[in-house]
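What follows is a single chain, given as structure tokens, in the form predicted on its own.
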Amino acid sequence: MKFEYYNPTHLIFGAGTLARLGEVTSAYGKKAMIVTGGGSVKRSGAFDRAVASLSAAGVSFVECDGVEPNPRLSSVARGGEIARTEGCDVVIALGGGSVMDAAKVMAAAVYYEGDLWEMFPHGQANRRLPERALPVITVPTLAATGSEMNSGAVITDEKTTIKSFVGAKCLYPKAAIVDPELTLSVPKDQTAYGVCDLITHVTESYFNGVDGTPMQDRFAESVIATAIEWGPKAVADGSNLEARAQVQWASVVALNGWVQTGCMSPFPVHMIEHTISALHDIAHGAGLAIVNPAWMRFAAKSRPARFAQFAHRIFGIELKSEEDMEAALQGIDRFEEFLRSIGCPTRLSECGIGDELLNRYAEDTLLVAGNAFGQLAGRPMMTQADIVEVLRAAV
């Protein structure tokens, strides 16, 4: 292994920590733009509690609301303009992964010159990453994306229906206030989708990373096992604060870089799912629940030992050999059964999606994430025909 690890985000975790928002924010500015989604934070009272904490610390605010579940480029541009014209010096993301992703790019949009879409790969010759952004404070209200403690963001250009990603050092949040109490009101379906999302973050590196990373394997397996143990409890009883806290911590660890360090892993399942949710606007976690098991069955054929290890360590399936393909497939079946048991869809048809656009999904995926040879990075590398094969199996 050879790697660098960097994560400057100050994490504050625990029930009741929302009360510290004003204290934390005041270290970075005196006028905040609070970014929110569809209104759930106001219905739950989280918004009023956040504002009260800011007011007590002498921090004024403006709001940028209405961020979509799959955030649009136009919303990001709108937020950047609000922050710029209102003279905000700090951005607060109060919501789920979409709100946090949008807030990061809004913070960069204040200083970015030109077309914001040039931050994102979409087949263009020249890409310009952001180099400067307003400080961002993340306050997640959903355990799913891990966006609260990383430098990534995923945005959809509604004009082309292309969904793409950006990552840059300036997008790291300065602080993340992770209060599991804020997730108590999350509905069952969104809770389940979040569990799937966080698991998929670690299966991506687990199955696609380089060899010789036993510590990272165990990190990944512990996150998966924790989600499988506590996720159903959070889905069954949304008021179970202990379950909510364990799932939330698993979500943070799944994508703050610890699990992926040294793995040099691409994210093929996410890249494929992005094209589907960009066109059909389904929940990201629901799309991952559909794509991931189908991709796993495809990938297991070229790497049975890794999938057999997953089956043995996660589900206790006995192995006849290190490359026990039967056990590997049993493990994938068990994983898919788990997703169904908590209420996730596992077929495109369950979301009203047929097989008419399979080639379009593959083409868009490669436009955003394809290499110089027209392949999607992963183990194995995937051609357009391979992507279509996986998606056809998921119909």
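All figures in this text were calculated on a predicted structure; none of them were measured in a lab. All residue numbers refer to positions in the sequence shown, first residue = 1.
One more form of this protein, predicted in complex with a small molecule, exists but is not displayed; see below.
The small molecule in the model of the complex is approached by G152, whose closest heavy atom lies within 4.5 angstroms of it. Put simply, S222 is far from the small molecule in the model of the complex: not one heavy atom of it is within 4.5 Å.
Using a 4.5 Å cutoff between non-hydrogen atoms, S98 counts as a contact of the small molecule in the model of the complex.
The small molecule is not drawn, but in the model of the complex it has a heavy atom within 4.5 Å of S147. For the options G370, G29, G343, G37, the residue carrying a heavy atom within 4.5 angstroms of the small molecule in the model of the complex is G37.
Listed residues P187, G167, G123, G257 were compared with the small molecule in the model of the complex; P187 is the one with a heavy atom within 4.5 Å. Judged by heavy atoms within 4.5 Å of the small molecule in the model of the complex, the contact stretch among the candidates 304-312, 112-120, 319-327, 266-274 is 266-274.
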